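A lone chain, given as structure tokens: the form predicted on its own.
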């Protein structure tokens, strides 16, 4: 295929150049009706291609022209049989994956460190989750991947499971042996779904973990906007093989997608595919070299540790993505969140995420040595300011995510059940009916249907006290949570299906 072509972006530019008289939305009409300050800032070129699904520009809901051509080029670039563009972010693509293979009551195997969007899709589909615990990193206070043994055990205990969802790589950049895992799951003729939100570049360089499509997965939701150069909220869903139905997938994607699709987002996917297909190897190689040099120099700063190749000696870590700089505040007297705030206020520097013990910085195609030098300068000053008798060990033990508690109700049932407010401190033993998570990374601590335990309450409180962004409950102060009303707990029907946890 000719990857120099950009079918959709070219069609948009040609349409704008023709300067047609528009009697359709959007109402700003090429920017003339927009706020003047906003128009001056974003520019008339941008506003001239902020268009809708008129006939010359194709329709994302049933693509047959420029969008279909752009998706075919993307499929070729990412090694897929089919690629669908998403303007609903990777959340929309993940929901499509799950809802296209799971019906109410179906079982799906998930890692405990799954993103909130995955669990929201479980509720919408009416599926029943079986959570598998990932390997925990006691030094860093984070979670890595699940093992083949734990997935095999989950499948053996749930022979009618409809899908297995895996993460490749994790938010912190570690990967399992995906080829081996896909081979295992496929041996049971079960489709493999991949949350590849943080793996856009994997397909384009051999020094990175293998991509979902290279490993033979059936579907993968990939955030091109995160690392691949497209605009925020633009993502793709890659599909391969015949274990899943592309017709069903397109139907579900259309149901979840706005009819007022953003052609700016779609065009950015088209052009990012071109850049990755033509120059992805070279650009990614330069990004890796830049990140590895940054890693080496970070590890020379007293009190800081940025994992590298040695992480692969751990269970649950087969490969790692070197462009993710997970910086552990080994001996500094502050949390990751406090370090994030300090870097923002002192250096005008924003990190990707922070937790109780780490900050995460991403090196991408948009970085140069200049940006890395500024990061290193800021980290050296951070070390000078906060190095001393640290509390690392206690912080790490506090940071490790508790094992998932039992489901007493299916998530969908708990979400829609009559609910009442309860003080968090007094909610142990109750069934929660809403999500509780820290974002980023957006991994639920609790989801509807789970039993609230004291260990989980203590974990939530530690994050709230540290100032970390705990979200989900209707009460923004996280003093109260919604729980299934008491009468419902007494109504629990015998034999109701619920998920369980695979033990270590």
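All values derive from a computational prediction rather than experimental measurement. Positions refer to the first chain, counted from 1.
Only in words, not in the display: the form predicted together with a small molecule, which the text now covers.
- Only one of the listed residues (354, 175, 235, 83) places a non-hydrogen atom within 4.5 angstroms of the small molecule in the predicted bound form, and that residue is 235.
- Proximity to the small molecule in the predicted bound form, defined as a heavy atom within 4.5 Å, holds among 240, 198, 273, 203 only for 198.
- Within 4.5 Å of any heavy atom of the small molecule in the predicted bound form lies no heavy atom of residue 220.
- Under a 4.5 angstroms non-hydrogen atom cutoff, the small molecule in the predicted bound form has residue 226 among its neighbouring residues.
- Among heavy atoms of residue 473, none comes within 4.5 Å of the small molecule in the predicted bound form.
- Mapping the unseen interface onto this chain, residue 144 falls outside it, with no heavy atom inside 4.5 Å of the small molecule in the predicted bound form.
- Picking from 245-253, 83-91, 340-348, 136-144 the stretch near the small molecule in the predicted bound form, with a 4.5 Å limit on heavy atoms, gives 83-91.
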